[in-house]
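Just one chain follows, in the form predicted on its own, and it is written as structure tokens.
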Amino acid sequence: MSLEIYWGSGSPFAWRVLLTAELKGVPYVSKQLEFSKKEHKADSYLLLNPRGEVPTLKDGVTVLTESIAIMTYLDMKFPSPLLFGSTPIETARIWSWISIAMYHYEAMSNRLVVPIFEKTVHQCADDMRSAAVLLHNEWSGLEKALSTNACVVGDSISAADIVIFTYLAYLLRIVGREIVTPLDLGFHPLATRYPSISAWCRRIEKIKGYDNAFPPHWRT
């Protein structure tokens, strides 16, 4: 029986799960939910995911929510390629980068993204600029790591690459909107300030299954 993955186009959390499944060649049934139709809030879906969020994975009677938990499940059930490390130090470093993304990148990214969605950019301009400065400080560490390694931890794609890349690509798309341009937040063009991160993004875009996992509405 194939796995079922419930997801929504544009969610970086769902994207990372789809990318994990595609990279590993996991057979799954795609269950795309339309955010515009509130399908993620439908009673039938809330029975699987009471928070009404994506992604959700259903494997027989097993139902899992939260993207990192799902990625871990897939990594243990389908261990090739291994994404969470094969040695204690490698696993620790991967989780260290994932933690940085979850507790630092995401918090600062939200300060940039939420005002755009809520149409409060002008009122929040100063805070958005402050958040951008802090995020640039964080990304400088990523740039340094990628200046000597092909991937975030060593030379092989890991869960850290998938988590960080989906955060980064999502943010770059949102802050690239015309309404944000006057704030001059310094994220575009990426290669000017972060050549190593930019080159790493191009490598991620070439991995197996990338096109299948890419948010479909971003193509239009």
Ligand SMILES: N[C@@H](CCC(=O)N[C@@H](CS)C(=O)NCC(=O)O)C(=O)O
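Here the structure is a predicted model, which means the values were calculated and not measured. Throughout, we count residues from 1 along the sequence that is shown.
One more form of this protein exists, namely the form predicted in complex with the ligand; it is left out here, but the text below deals with it.
Judged against the ligand in the predicted complex with a 4.5 angstroms heavy atom cut-off, the residues H104, G141 and E143 are out of contact without exception. When contacts are judged by a 4.5 Å heavy atom cut-off, K41 counts as touching the ligand in the predicted complex.
Using a 4.5 angstroms threshold between heavy atoms, S67 counts as touching the ligand in the predicted complex.
A residue is said to contact a partner when one of its heavy atoms sits within 4.5 Å of a partner heavy atom; F35 meets this definition for the ligand in the predicted complex. Using a 4.5 angstroms threshold between heavy atoms, W200 stays clear of the ligand in the predicted complex. Contact with the ligand in the predicted complex, judged as any non-hydrogen atom within 4.5 angstroms, is confined among 22-30, 183-191, 48-56, 149-157 to 48-56.
Within 4.5 angstroms of the ligand in the predicted complex, the stretch 8-34 places a non-hydrogen atom from each of S11, P12, F13, R16, taken in sequence order.
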